[in-house]
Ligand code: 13P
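Coming up is one lone chain in C-alpha cells, specifically the form predicted on its own.
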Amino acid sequence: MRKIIIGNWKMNGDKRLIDEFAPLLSTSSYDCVMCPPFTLIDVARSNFPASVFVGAQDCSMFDNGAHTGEISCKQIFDVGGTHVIIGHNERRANNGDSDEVVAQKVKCAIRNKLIPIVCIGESKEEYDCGKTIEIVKKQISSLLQGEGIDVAKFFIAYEPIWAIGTGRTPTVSEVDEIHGHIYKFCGIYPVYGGSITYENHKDFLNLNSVTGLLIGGTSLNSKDFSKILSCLD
C-alpha cells in the first residue's frame, strides 16, 4: 500500500492558492489528500488533478438538522470530499471536542462514506512526565468503544501537541516506538504529524511504522510540498 501525504491548510488559503497548487500536484509518489477550508473544497475538487483526494478539516457529529454553523459529512461528500480530519488538537482545545465527540464524528463520517483521519497526541506536560503511551492508549480506547467504528476504514494520525507548529519534533526513534505501541493497541500503524518540513520529512516517512504524513504549515508552501510528493531532493 502506498504511503499517504495529507496537507492541512487550517484557516488559510483562497482561490489563488488553489490555482498555485493545481499544476504542481500532478506528479506524486504517494497518495495525496489536500484539506483546505470548507469554502474551498468544491473549488479544489474542480481544479486539482483527479488523482488528488480532497478532504475537510472537521465535520459535525450530526447528519443534518438545527446545528447552526456546522458542516455535515453528507455536505462534504456532496461537494467532492472523500476524507475528513477529526480530533485535531486545535479542535479539541478550542472547540471542546472530547474523546466521546471525536468517536461520534468518526462514526458519522464512516456512515456517510468519508474516510476519517483521526488525530491523537499528548501535551508537553504529559510528554515530560512520560505519559505519552498512556494518553494515546486512552484516546484510542475511547475511539474504539461501542459499535460502528471499524479500524480498517480510517487513519490514525499521531500528532504530539507540543510539536504542532512549534518547530520541535520527537526523535525518529521515539516516533517509531510510539507507533509500535499504537499498532499493538489497534492493529494499524499511524500517520505522523507535527512540525513536518521538507528538510525532515524523509526521516519520518522512511520508517516502516509510519504510513504517511499529516503536514500543516509546510502544506501551504507549494514548492516544498510538491517536492515532498515527488520525492525530489
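Since the model is a prediction, treat every value here as computed from it, not as a measurement. A residue's number is simply how far along the shown sequence it sits, counting from 1.
There is another form of the same protein, the form predicted together with the named molecule; it is not shown, and what comes next is about it.
Asks: Though only this chain appears here, would residue 13 touch the named molecule in the model of the complex if you measure heavy atom gaps against 4.5 Å?
Replies: Looking in the model of the complex, residue contacts with the named molecule do not include residue 13, since no heavy atom lies within 4.5 Å.
Asks: At the 4.5 Å heavy atom threshold, is residue 195 in contact with the named molecule in the model of the complex?
Replies: Residue 195 belongs to the contact set for the named molecule.
Asks: Examine residue 212 and determine whether its closest non-hydrogen atom to the named molecule in the model of the complex is within 4.5 angstroms.
Replies: Output for residue 212 is no: heavy atoms all beyond 4.5 Å of the named molecule.
Asks: Might residue 163 be said to contact the named molecule in the model of the complex, defining contact as any heavy atom within 4.5 Å?
Replies: Yes, residue 163 lies within 4.5 Å of the named molecule in the model of the complex.
Asks: From the candidate stretches 164-172, 62-70, 22-30, 40-48, select the single one in contact with the named molecule in the model of the complex, where contact means a heavy atom within 4.5 Å.
Replies: This holds for exactly one stretch, 164-172.
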